[in-house]
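Quick setup: one chain, the form predicted on its own, written in structure tokens, and binding and motion questions come after.
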Amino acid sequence: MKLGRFSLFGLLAAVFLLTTLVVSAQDVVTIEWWTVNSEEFDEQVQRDLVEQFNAEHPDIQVNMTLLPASGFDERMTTTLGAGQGAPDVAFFWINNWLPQALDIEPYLEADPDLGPENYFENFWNTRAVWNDTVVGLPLGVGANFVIYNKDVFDAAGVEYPTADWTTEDYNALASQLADEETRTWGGDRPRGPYRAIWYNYGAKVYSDDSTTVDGYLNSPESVASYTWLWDLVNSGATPTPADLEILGTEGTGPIDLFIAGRLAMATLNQGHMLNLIDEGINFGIVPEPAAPGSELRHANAWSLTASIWKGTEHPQEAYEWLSYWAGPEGQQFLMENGNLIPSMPDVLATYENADTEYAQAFFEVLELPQVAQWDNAHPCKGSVMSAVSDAWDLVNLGEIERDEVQATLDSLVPVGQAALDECLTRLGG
């Protein structure tokens, strides 16, 4: 049977179309992306972002794998350690993973639309740069600050705290606002030592060169920090750890008491801030207080490092997704459809409540020097802190006297030094 001229033409066209589709399918690069649910972006918001990217990039398709937060670390550690099976793009939020992150500086240099200048400088320095290498992009920002309940202050006839307040001011306000009869507390306690307030005092747990604990853990600055905490604990103006365990829910701690109007001041973060907006709470924000007579001010702030695995077979395509996800398009999307606070000032400026008093106060906190700047450069801090935790526990439990703070810290120097030496040896110096 012979084919007619037009039938032959149709057959050839069909073969050509089929060949084109096969070639096109082969040209599509699939990028494996691992992520988790969070308060800032849930599963659906992230899937919607992927769908938008895939539609705009037909030659690159992102395959999203949502892992439980509890299993993410184990999967990443296992695959990175094995050198195979890791995702092309993921959060690299543990420093031990960073040697396995691709240096993206060459890709940024070739990108006319994205660079370090697009991000908050402090978050770029603490989250994108590691060992003088650009290991990722900072996605979102967060920080601790003190939120105060204006209605509680107004009812007590007490003036609001201001951004230039001190730790002495904090203790005085907490005592003024505490009411034992109504079980209302004036303030809460910091989450741990050697965070913003300790750094505001100029205290460090060991030396900058990571060799010496003596003269740092037990320095006048450290003693002053712990003594301030002792005064706060013994004022009776804060909930005890037992109070928080009984009254707090779902690990949120002071936020529950704050919403209930039983805590006048609390050290919280931007996620709690959004919760308070939803609850209609009348609040204000100030940075954590400085030491008396000091101009040092720090923020306990963070961002998520979004990175490319250096073992990826598609670095350029992985960068296309990374720069979309953690760049202006992705962060704008996650802000508008989720609860992300962007790490990019230009994007953050479009936040719907950017002109409010509380938002402006929060933005000022984001500009402060960060605790992470020292912490990231000193990976043994956690080991030393664990070894000397008795000081924190004894003060919070009221088991030492005020004049015993110095002696307590002195007594912990040997165990702190042993922990530092062990850590340095384990990390190869």
Partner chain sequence: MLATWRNMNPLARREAAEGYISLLPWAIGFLVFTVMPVGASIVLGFTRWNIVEPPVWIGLDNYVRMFTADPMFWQALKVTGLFVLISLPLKLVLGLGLALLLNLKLPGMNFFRTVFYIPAVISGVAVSLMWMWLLQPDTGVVNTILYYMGIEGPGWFWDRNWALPSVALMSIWKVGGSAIIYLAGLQNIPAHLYEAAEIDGASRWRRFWRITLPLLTPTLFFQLVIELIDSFKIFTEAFVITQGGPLRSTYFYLLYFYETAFQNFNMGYASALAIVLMVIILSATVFVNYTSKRWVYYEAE
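C-alpha atoms forming the largest set that superposes within 1.5 Å between two forms make up the rigid core. Numbering follows the first chain given and starts at 1. A quick note: this is a predicted structure, and the numbers were derived from the prediction, not measured.
We do not show the form predicted in complex with its partner chain, though everything after this point is about it.
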property: Sole residue of Asp393, Glu404, Glu367, Glu56 within 4.5 Å of its partner chain in the predicted bound form, by heavy atom; result: Asp393
property: Heavy atom within 4.5 Å of its partner chain in the predicted bound form - the one residue of Val62, Ala387, Leu49, Val371 that qualifies; result: Ala387
property: Distance check, Glu74 to its partner chain in the predicted bound form, heavy atom within 4.5 Å; result: yes
property: 4.5 Å heavy atom contact, Asp27 to its partner chain in the predicted bound form; result: no
property: Touches its partner chain in the predicted bound form: Leu397 (any heavy atom, 4.5 Å); result: yes
property: 4.5 Å heavy atom contact, Glu352 and its partner chain in the predicted bound form; result: no
property: Location of its partner chain contact in the predicted bound form, chosen stretch of 74 to 82, 154 to 162, 107 to 115, 229 to 237 [non-hydrogen atom, 4.5 Å]; result: 74 to 82
property: Within 4.5 Å of its partner chain in the predicted bound form, all of Asn96, Glu422 and Arg426 (non-hydrogen atom); result: yes
property: Contacts with its partner chain in the predicted bound form - residues in 182 to 216 whose heavy atoms fall within 4.5 Å; result: Arg183
property: Large Cα move at Leu139 between this form and the one not shown, threshold 2 Å, rigid core; result: no
property: Rigid-core frame, C-alpha of Ala86, shift of 2 angstroms or more between this form and the one not shown; result: yes
